[in-house]
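To begin, one chain is listed below as structure tokens, in the form predicted on its own.
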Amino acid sequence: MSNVKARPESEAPGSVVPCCPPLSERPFTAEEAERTARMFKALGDPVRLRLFSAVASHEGGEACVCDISDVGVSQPTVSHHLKKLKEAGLLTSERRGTWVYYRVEPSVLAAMGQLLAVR
């Protein structure tokens, strides 16, 4: 999971809603802490952080798996790490033919930035 709530079925796929206030606003509830910890745990691996950064900084805001696989590990390991980032709610994906395209939703980046904002 991540710092986002599951979207209602009526919303567009990939849309996210921040779940937690900035760290400096108030102490987290147990549930908020669990969600946030999962997100940071997913980013705590250097390969995952490189993949997340590669997708987030890719032109157009999305990247084909074929364009982001050069991170020093084998393709099956890249797929594993992308799956973990997706499970944490940090990435969304879409299959187009034989390739899978990954995207970091702007609202995920905004929620992460808001979480770490100092008020």
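Here the structure is a predicted model, which means the values were calculated and not measured. From 1 onward, residues are counted along the sequence shown.
Although it is not shown, the form predicted in complex with another copy of the chain is what the next lines describe.
Contact check for residue 23: a heavy atom falls within 4.5 Å of another copy of the chain in the predicted bound form. Taking the partner from elsewhere, residue 109 is found to have a heavy atom lying within 4.5 Å of another copy of the chain in the predicted bound form. Although the partner is absent here, residue 45 lies within 4.5 Å of another copy of the chain in the predicted bound form, judged by heavy atoms. Although the partner is absent from this view, residue 92 stays clear of another copy of the chain in the predicted bound form, with no non-hydrogen atom inside 4.5 angstroms. Residues are counted as partner-facing when one of their heavy atoms sits within 4.5 Å of another copy of the chain in the predicted bound form; in 34-54 these are 34, 36, 37, 40, 41, 43, 44, 45, 46, 49, 50, 52, 53, 54, in sequence order.
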